[in-house]
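Two forms, one chain: they're shown below as structure tokens, one block per form, named structure 1 and structure 2.
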Structure 1
């Protein structure tokens, strides 16, 4: 990225006042990036900004309360930071935000589907339009548009919404009035039996690793999660689809009006279950009823964290 050096300079300027800055760097092979914790000058030089930076680094912030932390964010990541601030799960005084414009991140599952075996990646080169991956001396050229995460194709907030330092040229914001729920709306038109059968089939593959929970920046009650609670005993440890479905539905309800659709839950799933759709459904209902979209305006109060005697769009009392 052309603004990578500018970002490094911003971090270099702010680092003396911070305990750590969280960014990304290269990983175990050229096709992956990994979260990177910057403590000194040598760490700054390892910073890398590219479409491989899939991780939402806001996930680390609640666990670092009380420390002075810098975090590098894309547009969707910054929405998670906003939501964490709204819920007072982090302190604005302790967080320094480095924002940049994002043109999309790569979906590794799409790359694997297109290439097949990716166990020995030798190189990975990207341009604005293509991704060339060399595996076992064989080059594979892919259109970047075909391997971008689905969330990026309809992203309306490509720039960091909130930042102390912003680098790069801002991308013109798309119309923020209409979230794209076309695929969800197509699914909703199926019969109830078809929808229920779909989820039973998908969630039967779940191995209950809870990677979706661990990757979620707003799922902060993991030490008291219903998945491990024995008082009350919500879920068993049995390997049955009933308990898997129960967990995902409760998770989606807990994220209602809070989920910023960063897609980390789905990305982290080792068996590629499309669980983001459950959160999108809750977001769609919250938008319809409360006219609220998570992580967009720091001054807003999430609707399920507030109370009104009368809700304009809830009319059951008039029946």
Structure 2
């Protein structure tokens, strides 16, 4: 990326004041990136900005409370940072934010689907429009638009909302201006029994690994999550679909008015359960009822932590 060097320069400048800067670098094969912790000058060069940088690095921030941390963010990641700041889960003074214009990230499961078996990846060459992946000496040419993550297609915040250093040219807000809930709306039109059955079928393969929770930047309860506690005892530890689904509802409700739809929960799911839809549904209703979007404005209060005496958009049942 063009501005990668510029970004490195910014980090170099800020690093002496910081304990660590979190960015991305190459991973076990050319098709993957991994979070990269920059402690010293020697780590800076490894930093890479590419469409492979799927991870929302804001997830690390609450766990590093008290340290001076730099973090490189995509537009969507920056909303998580805003939300964390808003909820005072991190302190603005401790955080240095590096932003850049993001053109979208690649959905590995789409790549997998397009290529079939992804074994020994030898190289991955990317241009603005396409990428060529060589797997077991066989080159596969893919259009970038085909393997772009769903959320990126309707991205409304490509530039970091908040940053101390911003490199590259800002991308003007893309259309559509409204969140894209077409898939969700299609699902909502199904018969109730189909919806009910759908979740049971999907959640059936959940292995209760809680990767969704670990990847979520706003799941800040961590070890104290009510999924595994005895007091309160919301869920059993049995392998049953009821508790698996219940956990997803808990997650969605706890995210109500807070979730920025970064999609990390779904990306992290090893068995590809489409759990982002539950959060999208919650967000859609939050937008409808409270005209509110999370992680956009530092001064906002999440709607479930406040109220109005008269709620314009709530019509109560007339008995």
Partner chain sequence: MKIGVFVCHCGSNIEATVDTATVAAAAREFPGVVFATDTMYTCSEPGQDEIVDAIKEHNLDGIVVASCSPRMHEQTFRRTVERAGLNKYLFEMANIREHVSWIGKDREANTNKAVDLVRMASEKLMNNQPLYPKKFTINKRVLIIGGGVAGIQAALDCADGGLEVVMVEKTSTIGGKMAKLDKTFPTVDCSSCILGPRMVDVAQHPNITLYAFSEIEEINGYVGNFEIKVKKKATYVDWDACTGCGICMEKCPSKKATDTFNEEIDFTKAINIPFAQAIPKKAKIDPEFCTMLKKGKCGVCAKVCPSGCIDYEMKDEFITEKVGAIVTATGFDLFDWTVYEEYGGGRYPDVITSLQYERMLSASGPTGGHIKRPSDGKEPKDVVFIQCVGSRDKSVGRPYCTGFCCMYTAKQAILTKDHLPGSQSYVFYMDIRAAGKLYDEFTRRAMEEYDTNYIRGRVSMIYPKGDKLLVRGADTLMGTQVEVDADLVVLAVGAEASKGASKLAEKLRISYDSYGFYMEGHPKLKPVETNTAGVYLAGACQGPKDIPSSVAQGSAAAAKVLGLFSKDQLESDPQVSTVDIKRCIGCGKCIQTCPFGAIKEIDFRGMIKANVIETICQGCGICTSTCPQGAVQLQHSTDNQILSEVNALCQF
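Residue numbers count along the first chain shown, from 1. Remember, it's a predicted structure, so these values are computed and weren't measured experimentally. C-alpha atoms forming the largest set that superposes within 1.5 Å between two forms make up the rigid core.
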- The chain seen in the form predicted together with its partner chain is the one numbered 2
- For residue 13, state whether the C-alpha moves by 2 Å or more between structure 1 and structure 2 after rigid core superposition. no
- Item | Core superposition result - C-alpha of residue 307, shift between structure 1 and structure 2, Å | 3.0
